[in-house]
Ligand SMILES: Cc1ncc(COP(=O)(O)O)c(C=O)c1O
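For reference, the chain that follows is the form predicted alone, supplied as structure tokens.
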Amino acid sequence: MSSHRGSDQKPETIAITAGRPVVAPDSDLNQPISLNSTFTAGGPIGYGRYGNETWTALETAIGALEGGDTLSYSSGMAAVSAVFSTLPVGAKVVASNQGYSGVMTLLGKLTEAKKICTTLVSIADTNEVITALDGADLLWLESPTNPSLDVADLPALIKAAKSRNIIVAVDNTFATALIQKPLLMGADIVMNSVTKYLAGHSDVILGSLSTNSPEHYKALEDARKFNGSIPGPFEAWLALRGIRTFPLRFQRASENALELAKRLSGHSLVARVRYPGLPTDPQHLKAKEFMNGFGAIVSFEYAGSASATDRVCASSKIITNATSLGGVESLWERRRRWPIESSSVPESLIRISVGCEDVDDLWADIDAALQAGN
């Protein structure tokens, strides 16, 4: 089980110091890449599918940020699948009706196969969510949601679910531990797509789960062992290196996001901006109550057709028209170009993963692209 010591330090310090080798004369400053499928008998690992020193270093760093013991997985979806695999057949899951499309698709397939029963709710409507909790086994929370940026009242929902002995799992990918720590609010499990902000350079695919429950840890570890959803040591090492600059990158990207959201709000070709950092956003007051910031994702609706919106995304010179998010570079896309995206997402909605470029350069690029779509 990975250690998450260091919670008394600031996250900027934790990101740089956690998961380092033990200090000794001529010791390594950075965790080496462990390329071993086999280990000599008698130690705690036993076999390469059960553990790896490079995984452990990464898990220690993420655990120190999230405040829980952490397991790494081969992808964010592998981590999500591990959570669902621990549920009994027929379990009732309550989840957002417009969350990440990969999770929504997985929930649909599991429900269709009668492995679980899923109730989809408007996650921003606290009363609706609490009403749906009766008889539930798992509350799956994603906040802010992808791509509409709805905010769940995490403290209230977690409290309501735990009072009913319901497992609570939170996808913390958009907010990250810099903005909110669901485990400290009482959640059982926190998921991160490490691919995104933690690794931060669009070059690895990894996921993680953090928990303070030994029972959940054991079940999730077994799911990783026997489903084979293990991370590669090269990817783990790259992600750990990315974490060292994670707070710096996230701060710059979040500052850029707020400024771009303000400018987009006044643009004649933008019908609506979604960003909880804007005082005019319907999610703003709720988010301010428990979030320490608003993140680096901005979604907006272009005042034009789907094809015109596609032209906007294809016309940028600095921002890349691509899926994914959380890298140092800015990306955007029309989310409904994906057939599995929720039908509740408007056809003209563009999600921007704001990067660390100069904000005026980004704005000039956005403005030119908006004009090109008109």
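Not measured: the values here are computed from a predicted model. One rule holds for the numbers: they count along the sequence shown, beginning at 1.
Although it is not shown, the form predicted together with this ligand is what the next lines describe.
For the chain shown alone, residue 96 is not a contact residue for this ligand in the predicted complex, no non-hydrogen atom being within 4.5 angstroms. Within this chain, residue 180 is remote from the site of this ligand in the predicted complex, having no heavy atom within 4.5 Å. Within 4.5 Å of some heavy atom of this ligand in the predicted complex lies at least one heavy atom of residue 173. Contact annotation: residue 65 falls outside 4.5 Å of this ligand in the predicted complex, judged by heavy atom distances. Annotated contacts: 76, 191 and 205 all touch this ligand in the predicted complex [non-hydrogen atom within 4.5 angstroms]. Picking from 234-242, 221-229, 127-135, 76-84 the stretch near this ligand in the predicted complex, with a 4.5 Å limit on heavy atoms, gives 76-84. Scanning 216, 249, 196, 274 against this ligand in the predicted complex with a 4.5 Å heavy atom cut-off leaves one residue, 196.
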